[in-house]
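So this first bit is one chain, no partners, the form predicted alone, shown in structure tokens.
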């Protein structure tokens, strides 16, 4: 697929400090008012105009009842995946869920994970552990390679797959390291899953935020993957809609769609009506805004690189290929949660402690750059001051 050209006219508007603090979400209410929050994965960005319009129209019409997600959600998602990645999705093989976490838990139940091992690769999004626990399974950790490349450790995964776990949970693109697995790496994963009969469940919530010049490969487009895998997708991260509650599980073959047909019937009613409306609008008419956001985030990472080089040279990082999250190696500052504590207590800036993402995150922190230049600059300056 041709990567859309970045149009600077469509750059989304990021809140400054004054306007951002008017928000009442978790990002701005978790810490005291003197703490600059750069931890949780939500952005300080104005909604895409198509999303603003559909929500305003719904509120004006008092249209706030139960959601009927299908067929519109499946159709909008199919159009979006075809345009962005050449991924042909059958709208009839899309199952609505409230969010990716709920979808993951329900899929694990359908796969019979209770009492069995479920494999994933830290450092990874912290709820992966919670999802496994919630279904009564037990986690088997196969860390990403520790050579700085953060690739899947395929030999270690083969050893884990040989034990016939209930599933492998993939994070594609990977949160927190920001890496987008390439097609060859995913093909090797699919070959292992096929050989050992291990279902794959891919969390692809950050896929629309693959940065300009990088290539995202949807797992279900890899040859053979549709027979062993399901994907979880949402507009929530890319379009900043987490509070509206709408995501989808996607199948690519009849056998995997048959798994989704066993979804508890009440799950369809747990998605939010406003979330469905916003997601359909985003997937249908949000391309220009999204391309502007991707360009703006690339610019934020340029700024971050400059600020770190100038003010925090002891902190190392690898520029991410996707997301609005930077994975910072602060082991020169300290191990465990020491960097997080110093930044919070001395600098009054809240980042995410690397240990939340598993043992390989010791000495790392995750920083959210989905904010204004003003707040990003202030955040790094506070972090630098905390180390002086």
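Bear in mind that the values here come from a model prediction, so they are computed numbers and not experimental data. Residue numbers count along the first chain shown, from 1.
One more form of this protein, predicted in complex with a small molecule, exists but is not displayed; see below.
- Using a 4.5 Å cut-off to the small molecule in the predicted bound form, each of 99, 206 and 236 places a heavy atom inside that distance.
- For the options 217, 81, 210, 175, the one in contact with the small molecule in the predicted bound form, meaning a heavy atom within 4.5 Å, is 175.
- A heavy atom within 4.5 Å of the small molecule in the predicted bound form is found for exactly one of 41, 51, 69, 344: 41.
- Judged by heavy atoms within 4.5 Å of the small molecule in the predicted bound form, the contact stretch among the candidates 308 to 316, 278 to 286, 134 to 142, 99 to 107 is 99 to 107.
- When contacts are judged by a 4.5 Å heavy atom cut-off, residue 120 does not count as touching the small molecule in the predicted bound form.
- By the criterion of a heavy atom within 4.5 Å, residue 77 is excluded from the residues contacting the small molecule in the predicted bound form.
- In the predicted bound form, none of the heavy atoms of residue 201 sits within 4.5 Å of a heavy atom of the small molecule.
- Though the partner is left out of this view, residue 161 does not reach within 4.5 Å of the small molecule in the predicted bound form, counting heavy atoms only.
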